[in-house]
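Listed next as structure tokens is one chain, alone, in the form predicted on its own.
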């Protein structure tokens, strides 16, 4: 048997991240959503918590070792405050963690210290493609070896901070499998759309389309070197990050609607005492707790390199996407007419929750 009781260090981390999420991210979330801009100072404060730095060994500029369990704990707390802010703080992880997991020694030495040692920098990754049949293991973006270079062609969607990125980790189909390629922002043939993506939610997070037209990069820029890398651990880390973020959004919606139901009266009775509302709240809480255990178990198995860890991560991500939609929708219902207006945040959480079914790849743990 194994225990999911967090260690003392994990308790301290959750407490610290939770305070930042509640006092900083949650406070600015509505204003950032309306203005479509996150304050750089806010992102910097989140970066100073050291979540990514704690996942990188000292030999590469960090001060810890990667733990998927610790990662899911931290991501849930961040997303509890605000999803867009959480994803912004974690954007450099999209580049750094795949390099840590799958990069060659030369790639780790070149990129990890420059990302870790200093202020937040917009290193990012391009994974999602704008296709109804988007398949992580059958990408339309291609990479073909030509002499000593790879030639990349394709189009990516929802790439965070692409306009100001130092470098972008591009995922493409190469020799029949998904591989990562490190592409400098200045590479010839790489272009970023002038307009930001317009989505139902996540309006505060700057997301862009990226086109690649015969972009040539040295063969050494293939993640892992000439032999490439296994993609499954990277994809599992993406899926667990998405699932834990969904937990954070769902918990925020549940707690807000629960507290509202305790205060709101209808016909002289608190609506929390109404059987229909009480049953909805009970089911919301049950689904959150059940999904959290599945996410923790998948993260533990990933840390222990269990054979079924990748399957568990897939189940966690799909289950969490369904769960967050149910919870946020019911939160809107519990608030009644108030749930549909912007005076309350539940409508924003519902819009953000809808995206988890399609936005895997915007976070990593």
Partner chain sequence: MAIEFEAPKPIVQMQTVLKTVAEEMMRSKSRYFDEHEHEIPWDYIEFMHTAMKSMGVGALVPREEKKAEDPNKPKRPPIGYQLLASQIEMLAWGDVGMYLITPGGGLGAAAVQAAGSPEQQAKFLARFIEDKPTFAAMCMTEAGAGSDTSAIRARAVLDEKTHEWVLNGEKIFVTAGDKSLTEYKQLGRGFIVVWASIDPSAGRAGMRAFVVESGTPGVRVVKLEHKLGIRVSDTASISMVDAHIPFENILGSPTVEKTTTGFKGAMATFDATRPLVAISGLGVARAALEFLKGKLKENGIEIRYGLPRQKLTNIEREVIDMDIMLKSAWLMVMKAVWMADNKKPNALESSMSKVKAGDVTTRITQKVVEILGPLGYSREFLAEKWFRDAKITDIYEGTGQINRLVVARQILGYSGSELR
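Not measured: the values here are computed from a predicted model. Residue numbers count along the first chain shown, from 1.
Quick note: we don't show the form predicted in complex with its partner chain, though the next part is all about it.
Student: Check for me whether its partner chain, as it appears in the predicted bound form, comes within 4.5 angstroms of all of 51, 89 and 218 - heavy atoms only.
Tutor: Checking in the predicted bound form: none of 51, 89 and 218 is within 4.5 Å of its partner chain.
Student: Taking 4.5 Å between heavy atoms as the contact cutoff, choose which of 146, 119, 135, 106 touches its partner chain in the predicted bound form.
Tutor: None of the other options qualify; the answer is 135.
Student: Please identify the residue among 207, 272, 115, 101 with any heavy atom within 4.5 Å of its partner chain in the predicted bound form.
Tutor: For this set of options, the contacting one is 272.
Student: Heavy atoms within 4.5 Å of its partner chain in the predicted bound form: which of the stretches 55-63, 37-45, 308-316, 24-32 has them?
Tutor: One stretch meets the cut-off, namely 308-316.
Student: So in the predicted bound form, does residue 166 come within 4.5 Å of its partner chain, heavy atom to heavy atom?
Tutor: No - in the predicted bound form, heavy atoms of residue 166 and its partner chain never come within 4.5 Å of each other.
Student: Using 4.5 Å between non-hydrogen atoms, is residue 129 touching its partner chain in the predicted bound form?
Tutor: No.
Student: Just to confirm, residue 197 within 4.5 Å of its partner chain in the predicted bound form by heavy atoms?
Tutor: No.
Student: In the predicted bound form, does residue 283 have a heavy atom within 4.5 Å of its partner chain?
Tutor: So residue 283 counts as contacting its partner chain.
Student: Give, in sequence order, every residue of 5-37 that has a heavy atom within 4.5 Å of its partner chain in the predicted bound form, or say none if there are no such residues.
Tutor: Read in sequence order, the residues that approach its partner chain (within 4.5 Å, in the predicted bound form) are 5, 6, 7.
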